[in-house]
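What follows is a single chain, given as structure tokens, in the form predicted on its own.
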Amino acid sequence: MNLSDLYFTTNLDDNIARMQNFFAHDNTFICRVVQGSGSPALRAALFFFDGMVNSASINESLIRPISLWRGAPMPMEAVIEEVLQIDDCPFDPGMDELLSAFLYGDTVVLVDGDSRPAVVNTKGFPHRGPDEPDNEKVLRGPREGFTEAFMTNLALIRRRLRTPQLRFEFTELGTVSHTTVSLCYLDDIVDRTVLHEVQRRLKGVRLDAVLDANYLNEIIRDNRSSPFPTAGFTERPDIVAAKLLEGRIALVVDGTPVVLTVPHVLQETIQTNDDYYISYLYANLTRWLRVLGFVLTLTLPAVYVALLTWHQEMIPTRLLFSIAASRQGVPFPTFTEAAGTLLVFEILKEAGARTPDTIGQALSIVGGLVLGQAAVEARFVSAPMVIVIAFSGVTALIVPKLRTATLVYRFFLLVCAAVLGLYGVLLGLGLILAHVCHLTSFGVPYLVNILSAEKHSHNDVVLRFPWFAMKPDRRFLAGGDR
């Protein structure tokens, strides 16, 4: 049965038969006929899906008042005003809008003698509470996180930004899923050029289903092939509120706790929400450690390979003798040894992440200690190489937002070091820097505040200034048409 075959008439029995025929193969579909106590009696039919609705709401707001109604039958608009005890009830919507709400947990109400339906908000499907996200825990600060419930997520944002300037624009994406996506921004702060660009790209999305924010990210982001993120992800409402206050835009997707924030620039990859909930002195220290960790995780294996392969004269004599002694019996060249060890490390890390917590912890210990020690004793790799790779892997965990870029460019610099030594490492770093300078996020340069001439734009980049010295206007763009 096609959607065009679904329509309503003034005969309630015909409407019931038509709905039951349309959803004949769906055992969760429920039709409840309710009749008032008057003579003649008001007769109505309720259509809803089991498990998607709040049964108490249907019983108290729909079934009970209709069954107790002693008056004569009346048209639907009178039933809404005089009988039903509800606060949200679209009257006579289009069939597309009706089905979208009906399939999402609302109840369709029809009365005998009127072909116009009403859609009652009775959503009651189960969802988890706003617990703290496992991937974004803080030492101090709010502990709430987004959930899979769409309106709950919007309420968490609204509770933090109680201003009439907060805007929520709804759109539906996905020809099959009809997923609701909300465009969130502060009307008096947002950059209009960026806002119009986001709206334009959303209109160009052509997908069967949108089940997560990353579906949108891979379509609407700039520089789709770049390993550097040009759109931000978070599961915390306090971070979204902070981004909106800086003039950014948030995309809330129904059914996922992950919220997309745009534009996303390089400085955000080294910032954490803890930076603003603890002392600015400690925050600045840890932020510099993140920058140092990112540089070390990229360059340390490459520099080690370059020194051993091309520049042994730059290594202190005692250290060189120690490394040479540890490499005796190792059958692989330095580059192959480093690449293989890195590959094994990434395999163990991925295996630990994809297994249950208890097994993952045991796997990490076995992989890190037992296999590492066994590989050194079997002379497959040298002990200094295991130390270098392990340190490089640990420092990569400091900047999780750059995980993809770290993985790609670490191997890229390793190849450069094997071919040209330290000159290759410098050349590779120059190419990476040129690539970063070329990146944009919805038309905003990726290094917008780092290279800006505006003094106040540097208040929260590499250093986090104290709040008493922070300029009140914390927008990520130093100026621009708003």
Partner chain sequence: MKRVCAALLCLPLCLSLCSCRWHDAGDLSAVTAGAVSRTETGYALTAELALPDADRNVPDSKTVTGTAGSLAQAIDAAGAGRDAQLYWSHARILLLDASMLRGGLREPVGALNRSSEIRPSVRLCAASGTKADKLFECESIHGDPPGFALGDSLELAVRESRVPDMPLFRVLDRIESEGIDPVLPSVAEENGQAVLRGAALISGDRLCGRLNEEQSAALSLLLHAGETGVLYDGGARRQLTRLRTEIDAEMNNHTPVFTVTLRADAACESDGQARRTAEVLQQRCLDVIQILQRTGCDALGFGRMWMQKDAAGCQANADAWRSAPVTMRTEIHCTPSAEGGSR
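What you are looking at is a predicted structure, and each value in this text was computed from that prediction instead of being measured. Numbering follows the first chain given and starts at 1.
This protein has a second form, the form predicted in complex with the partner chain, left out of what is shown; the following refers to that one.
Give me the residue from G124, P142, P333, P90 that has a heavy atom within 4.5 Å of the partner chain in the predicted bound form.
By the 4.5 Å criterion, the partner-contacting residue is P333.
Between P316, G129, G204, P75, only one gets a heavy atom within 4.5 angstroms of the partner chain in the predicted bound form; which residue is that?
Contact with the partner chain in the predicted bound form is made by P316 alone.
Which of these stretches, 64 to 72, 413 to 421, 51 to 59, 35 to 43, has heavy atoms within 4.5 Å of the partner chain in the predicted bound form?
The contacting stretch is 413 to 421.
Does L342 reach the partner chain in the predicted bound form if we count a contact as any heavy atom within 4.5 Å?
No.
Within a 4.5 Å heavy atom cut-off, is T404 in contact with the partner chain in the predicted bound form?
Close contact is absent here: in the predicted bound form, T404 is far from the partner chain, nothing within 4.5 Å, heavy atoms only.
Though only this chain appears here, would L308 touch the partner chain in the predicted bound form if you measure heavy atom gaps against 4.5 Å?
L308 belongs to the contact set for the partner chain.
Flag Q312 as yes or no: does it have a non-hydrogen atom within 4.5 angstroms of any non-hydrogen atom of the partner chain in the predicted bound form?
Contact check for Q312: yes, within 4.5 Å of the partner chain in the predicted bound form.
So which bits of 322 to 342 sit within 4.5 Å of the partner chain in the predicted bound form, heavy atoms only?
The stretch touches the partner through A324, A325, R327, Q328, P333, T334, F335.
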